[in-house]
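Listed next as structure tokens is one chain, alone, in the form predicted on its own.
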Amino acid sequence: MATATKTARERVMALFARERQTPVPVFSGMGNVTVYGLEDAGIGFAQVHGDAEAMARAAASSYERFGYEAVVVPFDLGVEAEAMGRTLNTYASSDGILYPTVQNKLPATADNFQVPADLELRGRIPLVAQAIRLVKERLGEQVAVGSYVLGPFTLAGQVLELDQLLKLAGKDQTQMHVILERAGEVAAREAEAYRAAGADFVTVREMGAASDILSPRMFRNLIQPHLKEVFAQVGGPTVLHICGSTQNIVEMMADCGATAVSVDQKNDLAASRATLGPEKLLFGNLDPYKVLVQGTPEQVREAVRNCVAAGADAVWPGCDIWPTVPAENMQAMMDASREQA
């Protein structure tokens, strides 16, 4: 849970201050709950999203059991949409791992995307903030506490009909900019609420803006300006994560203003490092399912070694850790990093 001289929190925060760490930290700004954490919390996955105490306990267990170097809440992507009046299906009757989904998205118009004046008090934003406070009170001296918000485009796609939003992006960029400006306000205000609750760092997850969905030109003209606005408003260490292939936009990602950039397993990490150069903090890009869930412990160790060799400043899974990850693979991920010292 710490090196000989530093706690996990000290290592992560020093990294955000651009002090490279040896061994390379293993953590994430995305979901890290496991079935073991749910067992510790005594609650099912469908119920944990609405219980701050259980959320805090479940998230903390990844650090307590395996030495994972950050505790992150929440575990789902519906917080913003719910705060803006959308209904979530949490699959409450299911005993399996089913992530909540938005049920009643609105037609994609600027008039349908209005930011509530009391946003920070709505939906589960206060609940997530309370989970952050609980973890911070209990473990804040030992381990970094993180949270995440959706990037403007991804957030808009959780509130408005995504297929219509994609069409609007190509046909009416004036209206799209209005929507994204408002979505950016939501992201920045939510992030600041989590920072006020004690989050050490915030990840902005712009998952809908990968190059296999939007062209690099559209990213530059439509997405990047609003990401820059978000990062200009959010204090403290920040990370920009985009799922999917981002090799041809990774330099633009780095120009958005986040402290660090996170890329997923579709990128050639060494090529991303070559594009960004040695100074920018680059996190990635362990495959969270094919390797971490389905692989053997030795395959996990090899993947960690490859991330470090390719120039990762921190080994991050390419997306949320899938909760059914085998315990031996979680441990192998942590052990492999320490072997690099």
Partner chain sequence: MADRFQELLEELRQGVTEYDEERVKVAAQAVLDEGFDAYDAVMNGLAAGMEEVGRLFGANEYFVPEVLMCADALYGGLEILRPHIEVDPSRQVKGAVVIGTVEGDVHDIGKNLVKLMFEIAGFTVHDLGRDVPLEKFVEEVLSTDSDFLCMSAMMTTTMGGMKQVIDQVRQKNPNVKIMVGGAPLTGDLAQRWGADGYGKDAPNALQEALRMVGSLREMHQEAAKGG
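Residue numbers count along the first chain shown, from 1. This one's a predicted model, so the numbers in the text were calculated from it and none came from an experiment.
As for the form predicted together with its partner chain, it is not shown, yet the points below apply to it.
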- From the list 175, 89, 233, 112, which entry has a heavy atom within 4.5 Å of its partner chain in the model of the complex? 89
- Task: Tell me, out of 139, 254, 218, 197, which residue has a non-hydrogen atom within 4.5 angstroms of its partner chain in the model of the complex.
- Result: 218
- Query: in the model of the complex, which of 123-131, 185-193, 207-215, 144-152 comes within 4.5 Å of its partner chain (heavy atoms)?
  - Reply: 207-215
- Message: Check for me whether its partner chain, as it appears in the model of the complex, comes within 4.5 angstroms of all of 98, 163 and 290 - heavy atoms only.
- Response: yes
- Task: With heavy atoms only and a cut-off of 4.5 Å, decide whether residue 250 touches its partner chain in the model of the complex.
- Result: no
- Query: Even though its partner chain is not shown here, does residue 322 get within 4.5 Å of it in the model of the complex, heavy atoms only?
  - Reply: yes
- Examine residue 170 and determine whether its closest non-hydrogen atom to its partner chain in the model of the complex is within 4.5 angstroms. yes
- Query: Hey, in the model of the complex, does residue 102 get a heavy atom within 4.5 angstroms of its partner chain?
  - Reply: yes
